[in-house]
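The form predicted alone is given below as one chain in structure tokens.
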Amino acid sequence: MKHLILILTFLLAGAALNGCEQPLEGPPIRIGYMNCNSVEETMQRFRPLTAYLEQKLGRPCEAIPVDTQDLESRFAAGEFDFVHGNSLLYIILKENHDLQLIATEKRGQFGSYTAGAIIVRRDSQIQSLEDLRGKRMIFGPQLAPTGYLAQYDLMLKAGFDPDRELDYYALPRGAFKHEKVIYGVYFGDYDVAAAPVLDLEIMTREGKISADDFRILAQSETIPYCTFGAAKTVDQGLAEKFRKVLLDLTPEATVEIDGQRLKVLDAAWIDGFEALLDQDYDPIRVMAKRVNMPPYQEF
């Protein structure tokens, strides 16, 4: 019996060393996630990823949803060790607070890149950007690189000044702003809309719209998609481990949440991650300077 107990003890210890849960050590790693549509959706998407990071890093990790407009001030106040937000927010935090680039999210037809489009209904008489004079337009959120910045830049490059030449333009309020933009032109409340190409792709795939419902008047060059970054105070070793966990994620990776085993990438609506360079974000910097937007705005 004594030998049996020793054998069982040895086997259990071996199992613990070979993949069973290990005690988490150290202070919590605080991860700020930009709200896209709602706090509930953000937590549903990123809680599994956060739990997976916790397991792989051996440190407690805390997922903290944060509104886009508040992300910079809360980051500057030291609330987050890592942040996940759009690529314009990455540039703002890089320029103003020395954010370290960790990894870029891959999703949709362009992978780790995305684009913005100016769209009209298929039956619209508008055929070019010149035809937008005197028309009503709806943009996405002002800090959305492919819902506002890219489209505004497209018009400026074409010699069209939205502030002077549109009859009226609006920014949607509340949640699901990009869907509201697309539906705004679909239902005829506006003549033209600034839509992320990815949202058009996703809404088409989900059957919410049809590709035949719209025409694209202009589309921006592709620019980096949503991005993970680390505060300059984060230990470099931890930052590298965090990056490796993201880059090594496969569609088969799972984590248990509330008794359910979930696929981490599927839950987060992500296809994977890629290690881009800071210089890959330069086209967004050029756009932001031309449009007079943060972090380069001149008053």
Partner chain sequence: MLRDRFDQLMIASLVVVLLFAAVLLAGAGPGENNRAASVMNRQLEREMLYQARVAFIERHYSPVVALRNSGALQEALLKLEELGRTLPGAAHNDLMSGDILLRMGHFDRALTKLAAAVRRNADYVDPASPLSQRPLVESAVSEGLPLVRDRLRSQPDSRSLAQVVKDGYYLQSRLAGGCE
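The structure displayed is predicted, hence computed values, not measured ones. Numbering follows the first chain given and starts at 1.
Note that the form predicted in complex with the partner chain isn't included here; everything after this is about it.
*With the partner chain left out of view, choose which of Glu79, Glu95, Glu165, Glu201 has a non-hydrogen atom within 4.5 angstroms of it in the predicted complex.*
Checked against the cut-off, the match is Glu201.
*Could you work out which of Asp189, Asp161, Asp212, Asp123 is the residue within 4.5 angstroms of the partner chain in the predicted complex, going by heavy atoms?*
None of the other options qualify; the answer is Asp212.
*Among 123 to 131, 148 to 156, 82 to 90, 102 to 110, mark the stretch whose residues have heavy atoms within 4.5 Å of the partner chain in the predicted complex.*
Result of the contact check: 102 to 110.
*Using heavy atoms and a 4.5 Å limit, would one call Glu274 a contact residue for the partner chain in the predicted complex?*
Contact with the partner chain, yes.
*Any of the heavy atoms of Val39 lying within 4.5 Å of the partner chain in the predicted complex?*
So Val39 does not count as contacting the partner chain.
*Is Arg205 one of the residues lying within 4.5 Å of the partner chain in the predicted complex, judged by heavy atom distances?*
Yes, contact at 4.5 Å.
_4.5 Å heavy atom contact, Thr233 and the partner chain in the predicted complex_ = Residue-level check for Thr233: no, no contact with the partner chain.
*Candidate spot Leu247, Thr250 and Asp280, all three touching the partner chain in the predicted complex (heavy atom, 4.5 Å)*: Every listed residue reaches the partner chain in the predicted complex, so yes.
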